[in-house]
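Here you get one chain, nothing else, as structure tokens; it is the form predicted alone.
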Amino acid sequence: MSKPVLIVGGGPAGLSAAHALATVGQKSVLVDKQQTLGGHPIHSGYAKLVPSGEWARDVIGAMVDRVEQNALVEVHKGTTVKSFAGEPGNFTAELDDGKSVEAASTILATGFTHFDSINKPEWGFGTYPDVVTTTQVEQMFSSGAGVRCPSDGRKPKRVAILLCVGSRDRQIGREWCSKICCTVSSNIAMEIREELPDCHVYIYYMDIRTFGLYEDTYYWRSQEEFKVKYIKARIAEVTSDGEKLIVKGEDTLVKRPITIPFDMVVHAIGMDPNVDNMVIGSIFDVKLQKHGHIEKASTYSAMSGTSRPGVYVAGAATGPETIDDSIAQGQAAAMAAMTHTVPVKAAAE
């Protein structure tokens, strides 16, 4: 019998990798530091996913169920890897639950950390209760409560969504585009307008990056069908007059200052490297790229590879990624990891 594949991380990429391995009869050991699997879509209470429109709890929950119910997947929740040593085909991992795992290869599907808007204080988060994040709005939808102003529970009449909070901002060391924020924000704007038809929604942007096929179904649809207003602007600050939140900035199309009052302001927060990446990089002896994400080997020569042979990576561990692409990368990493599970004699034949 070949040794199992060790998978670290139980979000969409890790779940996809475990399922892909199981479908071909390959055992895996899935380790996640949380007490429940599912990654951010479950832990952060995501609502309807882009682009399917399905509820995260349903589709990601189904992925969790099929992994936890599969006899070929050994799951360790609330567990981390303490040490990792060996070579491809013969790795040993020590888990903090006291277990030792002999593995043929490893897949790091350790995900990302949401940007903390406290690091952008001039835009009001942490000062005014009605300045929230896209994740918090997702939680409002997924809880069934609907969008409400946290300060007093009222339905907002005017909402601003500020893009690129924690992305494309060299002043705070976030020099990357987080890839999904524009599309998610357009989707949230439409959901707000659908729930609250009398609410006016404005999206403040530097550039719109609803990449690929999302341009039509999110950017244009949100304007033409849902009447979401887009303002190309640089935001200076978010303050309050005691009753309303005041968004101050410059309309960069007409080169003039703009000041608009709102009931709620939403930060479209970006995707930071996993806060544990320094530790993960040290334990697994893999390199991190300059921003702190796990460094990928050349896609053209080693799909899903890292700087260490036999250790693979998938999903947002390597940088901002969509859920759909994370799932695809989990499957690709599973295929790559299988290279080390085939007995030498069989491989030669």
Partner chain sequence: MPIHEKSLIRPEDLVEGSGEAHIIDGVDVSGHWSTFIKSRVVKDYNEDMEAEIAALPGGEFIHRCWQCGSCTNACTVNAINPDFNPRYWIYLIRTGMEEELLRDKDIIWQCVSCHKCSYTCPRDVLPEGVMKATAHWLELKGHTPKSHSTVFDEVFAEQVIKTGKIEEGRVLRRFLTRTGQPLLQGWVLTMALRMIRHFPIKLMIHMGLANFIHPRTSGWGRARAAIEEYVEEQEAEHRKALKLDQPAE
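Positions refer to the first chain, counted from 1. Keep in mind it's a predicted model, so treat the numbers as computed, not measured.
Missing here is the form predicted together with the partner chain; even so, the following discussion is about that form.
- With the partner left out here, the partner chain still marks one of 254 to 262, 70 to 78, 104 to 112, 166 to 174 in the predicted bound form; by a 4.5 Å heavy atom cut-off that stretch is 254 to 262.
- Every member of the trio H200, E224 and I231 reaches the partner chain in the predicted bound form with some non-hydrogen atom inside 4.5 Å.
- In terms of contact with the partner chain in the predicted bound form, the residue from F125, F91, F141, Y219 that brings a heavy atom within 4.5 Å is Y219.
- Note on contacts: among K99, K82, R148, R158, the single residue with a heavy atom within 4.5 Å of the partner chain in the predicted bound form is R158.
- Though the partner is left out of this view, Y204 does reach within 4.5 Å of the partner chain in the predicted bound form, counting heavy atoms only.
- Among heavy atoms of E215, some come within 4.5 Å of the partner chain in the predicted bound form.
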